[in-house]
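Presented as structure tokens, the chain that follows is alone, the form predicted alone.
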């Protein structure tokens, strides 16, 4: 079923493919146009330079009238990012406008990395270090930048490994009985085919 929000997300995706902003990329997940995965590269000449940070974007059928829920999946140390990865950014809350698209959201988050608002902290330690000990702040940021390289490669391998594990778990027991049987019945409805 095509809805206004899904049509808009398809336009956003097409625009991202045809005219991608520097240092950001995003795409819907395979089975759901309302769930996106994105990558933001740390801006050059900032403590975040060379970082590769993954994010998730969850849209509702009310998009673009309501903003998506955006979270860092990668570990982040920033005055405006909560420990769970949620982002404190005005355009994702009280200053949202339907004119913003996915590219604008991602580039705004990328800008936020180097231009934090320590007066509205989501991470009080990061805000305090940013204001009082920039050197220590940048040292902590450098650690998450290095961690982003390691985790970026590992996450891909973990996903493949988990896929293999799930296949092993879902193999039916002899005679088709046992705990895996309900999964077999649920599989077709959860496959997400269109």
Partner chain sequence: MSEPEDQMLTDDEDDFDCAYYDGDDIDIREDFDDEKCNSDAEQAKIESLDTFQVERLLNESVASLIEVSRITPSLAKILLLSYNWDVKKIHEMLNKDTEGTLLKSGVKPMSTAKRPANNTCLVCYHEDEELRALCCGHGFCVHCWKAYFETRLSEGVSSKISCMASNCMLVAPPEFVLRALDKASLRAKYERFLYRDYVMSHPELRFCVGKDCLMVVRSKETKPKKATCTKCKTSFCVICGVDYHAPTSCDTIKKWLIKCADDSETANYISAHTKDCPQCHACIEKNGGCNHMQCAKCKHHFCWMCFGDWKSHGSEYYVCSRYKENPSVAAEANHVKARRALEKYLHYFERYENHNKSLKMEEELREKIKRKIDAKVNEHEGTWIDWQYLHTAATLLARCRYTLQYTYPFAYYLEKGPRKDLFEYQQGLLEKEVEELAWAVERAGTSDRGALEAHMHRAEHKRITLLQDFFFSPSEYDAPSSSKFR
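Computed from a predicted model, the values in this text were never measured in an experiment. Numbering follows the first chain given and starts at 1.
One more form of this protein should be noted, the form predicted in complex with the partner chain, which is absent from this view; the next part is about it.
### Message
Residue-level contact is defined here as any heavy atom of the residue lying within 4.5 Å of the partner chain in the predicted complex; does residue 8 satisfy this criterion?
### Response
Residue 8: yes, in contact with the partner chain in the predicted complex.
### Task
Evaluate residue 100 for contact with the partner chain in the predicted complex, applying a 4.5 angstroms cut-off between non-hydrogen atoms, and reply yes or no.
Contact with the partner chain, yes.
### Query
Given that the partner is absent here, does residue 65 sit within 4.5 Å of the partner chain in the predicted complex, heavy atoms only?
Result yes; residue 65 sits at the interface with the partner chain in the predicted complex.
### Query
Just one stretch in 75-83, 105-113, 92-100, 118-126 has heavy atoms within 4.5 Å of the partner chain in the predicted complex, so which one is it?
This holds for exactly one stretch, 92-100.
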